[in-house]
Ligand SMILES: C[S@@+](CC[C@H](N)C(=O)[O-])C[C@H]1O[C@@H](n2cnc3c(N)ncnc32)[C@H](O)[C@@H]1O
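The chain that follows stands alone, in the form predicted on its own, written as structure tokens.
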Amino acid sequence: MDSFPTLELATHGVAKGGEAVARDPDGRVVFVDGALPDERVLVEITEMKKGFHRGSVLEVVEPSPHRIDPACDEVANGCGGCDMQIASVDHQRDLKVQVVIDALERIGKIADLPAIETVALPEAGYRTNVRCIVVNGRPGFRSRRSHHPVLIDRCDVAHPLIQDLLGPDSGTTRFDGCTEVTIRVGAATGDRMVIASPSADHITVPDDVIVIGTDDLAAGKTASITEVVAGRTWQISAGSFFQTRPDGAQALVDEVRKVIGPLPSNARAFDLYGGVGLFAGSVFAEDTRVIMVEQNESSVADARVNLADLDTTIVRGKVEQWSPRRADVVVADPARQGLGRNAVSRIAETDAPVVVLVSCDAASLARDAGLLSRKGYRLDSVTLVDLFPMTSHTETVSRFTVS
């Protein structure tokens, strides 16, 4: 069996997944896990492809001035959840901005980029939604780029209502019979829910925790928690998407509302990939006629509850197959893969002078920006809302106007 080489490399940039970028002696790109830009590191090559290699740090020979020791002991134990704990929080945000700029220039072919603003959020105790792998009744996370489980004693980024259900000191909590659990809580309401896979038949949790199995969901049963954002209470069911932190959801609401700008009286707005109705219910003036489009059945059911007091039309269906009409503004918050060509074409058919795009992936943002630019839209602004400190994940709010 061939062994992979060990190389000493100088890093010079950062890639979308948080890896540093270097070049080997042959000029081939090497993505280095566990390194920061502007470091000299000893690297074990772990993957060799035709166009690039991948490796992990064995030793930091010359560290970046921004390198720090991870605050969480679980990183040293192999937990792969927080891949940027080796950098100061301010530098993490600088690196994410650079990832977004690189993607927009290289993938989106966008010239004359606007300056990217950053919204900083607290870096500890923020996650109100975590998914854990389960081994012998105990929860854990996966190691970096692996399915290997790492059992944990604590999680620094988990909300205290979740932390209470993790680790060996969680007392009355056992996830027996499960291979995976998702824990969701309402920070403002105190609601807690465990979604257990494949079944919740044998788990033990405190009495206040709502429990449902994925087998129950498949059989048509429902369960939900509530959260408060933008002065409204939101029903969030087990099968529905909601942002992983309420202060992050509020920050997105504030930014989307800001970049929409003034609208004419009785304006028409489309909220695409509307989820449980967060933007439809919080960012528009009372006289704006809002049409929300969402495919997920659970999210649509929640939206009908959450928006019952508003004059909002809720359409269940795929954005790519929706029949557009003229609009004054379009807000879109697609999943990680982004809008894509068909959805961008539908948006362009609305003749909306303003499009606001919420993106959770830099590459998909860049692809969508390129597609929108070819439909006559100009990228006016980009804001990085740092929903996921300690990780390489990016979340952006971008404004496009007719050029």
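Numbers for residues come from their place in the sequence shown, where the first is 1. Not measured: the values here are computed from a predicted model.
Absent from the display: the form predicted together with the named molecule. The rest refers to it.
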Contact with the named molecule in the predicted bound form for His202, defined as at least one heavy atom pair within 4.5 Å: yes or no? no
4.5 angstroms heavy atom contact with the named molecule in the predicted bound form for Glu320: yes
Do Gly275 and the named molecule share at least one heavy atom pair within 4.5 Å in the predicted bound form? yes
Just checking whether Phe270 would be counted as a contact of the named molecule in the predicted bound form - the rule being heavy atoms within 4.5 angstroms. no
In the predicted bound form, the residue from Thr182, Thr214, Ser88, Asn296 with a non-hydrogen atom within 4.5 Å of the named molecule is Asn296
The named molecule in the predicted bound form has a heavy atom of only one listed residue within 4.5 Å, and of Pro63, Pro334, Pro37, Gly34 that residue is Pro334
Okay, which stretch from 302-310, 77-85, 216-224, 276-284 lines the named molecule in the predicted bound form, with non-hydrogen atoms inside 4.5 Å? 276-284
